[in-house]
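Just the one chain here, the form predicted on its own, laid out as structure tokens.
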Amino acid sequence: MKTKKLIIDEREKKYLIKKDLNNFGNDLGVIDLENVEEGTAITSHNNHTFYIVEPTVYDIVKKMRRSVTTLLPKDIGMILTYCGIEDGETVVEAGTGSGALTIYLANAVGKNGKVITYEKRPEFAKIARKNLEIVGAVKKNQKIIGLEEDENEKNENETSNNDKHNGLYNVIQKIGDITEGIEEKDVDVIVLDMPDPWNVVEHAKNSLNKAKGRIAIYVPYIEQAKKSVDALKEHGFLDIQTVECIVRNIEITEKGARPSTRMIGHTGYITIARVRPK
């Protein structure tokens, strides 16, 4: 259950707002949103058109608060696709960051699956929790394991357990350094977005389901990718491959179509592997 709705004005400029907001205005005028459902076009007081729609996860992630640079959709898509993450699976992720990848992982595993996400920095975990609340991946003020919060926050956590929204609520947040070990066993997929993923490979080997366990590693530098691949080989992982995704938009106008002069070039290297059965 998303807690936001999306407004698109006639110029196709987008605004992500709270669902309970009763009015909205910009330079094109003011609109009354009371009792207006998504999927409605309404006219402002000075006769400009606004469209009220339900935001996608992409809309939310694009506008949500960030503590660090998040993975881009092109890289997230590669991880989801190459790992073949599906409904009902258990995924362990590190680190959480702002929660962008966590949101997409939660959507992929669905209500029958779960995502356990590790983050070393409490302040980042709190920001991620707010973002995860927007898409219904966690309950409001849900407890972050390993994080001490004051009494007011604890009371809010207890109240939130009675949340009636129809969310996925399939994400568990943890404060911890995953290089020191992974508590979860029989994990289907481990996804690492961190500076030193090679220090987690041995723990991943011990935690992954031997029938179908997979690992995905995202790093920005080729030296990090090589060190990660070396660690995967050392610990006997199978089907190791490293890829890079580059995206170029195509401009289509009445005059014709041509590639954009700007493109999204290198962001990171993605390494995928499968744990070796015993």
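Since the structure is predicted, the reported quantities are computational estimates derived from the model, not experimental observations. Sequential numbering from 1, following the sequence displayed.
The protein also exists as the form predicted together with a small molecule; that form is not presented, and the subsequent description refers to it.
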Given that the partner is absent here, does Q173 sit within 4.5 Å of the small molecule in the predicted bound form, heavy atoms only?
-> no
Within a 4.5 Å heavy atom cut-off, is W198 in contact with the small molecule in the predicted bound form?
-> no
With the cut-off set at 4.5 Å between non-hydrogen atoms, does N141 touch the small molecule in the predicted bound form?
-> no
Taking heavy atoms and a 4.5 Å cut-off, does N107 contact the small molecule in the predicted bound form?
-> no
Which listed residue (V68, I240, L28, V53) meets the criterion of a heavy atom within 4.5 Å of the small molecule in the predicted bound form?
-> V68
Among the candidates A137, A204, V92, A100, the residue which, in the predicted bound form, approaches the small molecule to within 4.5 Å (heavy atoms) | A100
Only one of 186-194, 83-91, 204-212, 107-115 gets a heavy atom within 4.5 Å of the small molecule in the predicted bound form; which is it?
-> 186-194
